[in-house]
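One chain comes next, on its own, written out as structure tokens in the form predicted alone.
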Amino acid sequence: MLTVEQAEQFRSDGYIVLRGVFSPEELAELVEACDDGVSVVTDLLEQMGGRLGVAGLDTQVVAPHLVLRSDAARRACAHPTLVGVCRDLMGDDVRLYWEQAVHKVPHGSEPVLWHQDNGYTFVEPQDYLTCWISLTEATSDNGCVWVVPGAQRDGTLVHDDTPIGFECWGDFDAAVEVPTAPGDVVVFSSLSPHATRINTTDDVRKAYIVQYCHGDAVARFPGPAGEPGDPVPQDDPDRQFEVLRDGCPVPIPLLSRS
């Protein structure tokens, strides 16, 4: 799926940008699914006082596990381009690990801090993939992704738990800004430090984030003293289904039958 140059850039910098992956029709149904999920979480946040960790009515609304309720989300996770990139960069056996809609609210109060995706839950093997799908235009003004090139080579960094999410080392002076158009996808390593600034515009910046892990991946949740816990397989059949087996795409089971 990737050119030699793209694969080399990913291995060097820890990220690549794929332009125009999703058609307007594919994008429209995915936006609708994300809007529905965000609406449900917005109601929950209102009942909880407006803030829960990295999510907040004044920052960004995060709606996970859309594949449990949306065929549009399932189709997006099984998109041939994304699955092909997984094979190129991860190998022959890959499954869906996590997915969520992230709507960054207008005139937000907090950024998303520098973090690695593997810093939130320690997963082995550590080098899984994040595909950041731009549902609307993402710019300097509304909170596009920033990535520190090459930092993925340092493995999983120490993260501090702050009131607005986990935070690791990151430096905007050493980072690259990645603006995107609707339908573009930023592919980066789970070990790439990345961040987004606040949305200073009048419009919502929308993204759908899909993560893929190795077929035999396990998570190690922290114990009472912060030590790595026992390995937990990441193979929930309802939401962590296979996308590649022995190098071949695996058909995604849809919720509806037609």
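Worth saying up front: this structure is predicted, and the values here are computed from it rather than measured. All residue numbers are counted from 1 along the displayed sequence.
Keep in mind that the form predicted in complex with a small molecule is missing from the display, and what follows is about it.
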query: Interface membership of Thr196, the small molecule in the predicted complex, 4.5 Å heavy atom rule; finding: yes
query: Partner contact for Thr156 in the predicted complex: the small molecule, 4.5 angstroms, heavy atom; finding: no
query: The small molecule contact at His214 in the predicted complex, heavy atom, 4.5 Å; finding: no
query: The small molecule contact at Tyr97 in the predicted complex, heavy atom, 4.5 Å; finding: no
query: In the predicted complex, segment of 171 to 179, 156 to 164, 73 to 81, 115 to 123 with a heavy atom within 4.5 Å of the small molecule; finding: 115 to 123
query: Selected contact from Val102, Val148, Leu89, Val186, since only one has a non-hydrogen atom within 4.5 angstroms of the small molecule in the predicted complex; finding: Val102
query: Among the candidates Ala219, Val204, Leu27, Ile209, the residue which, in the predicted complex, approaches the small molecule to within 4.5 Å (heavy atoms); finding: Ile209
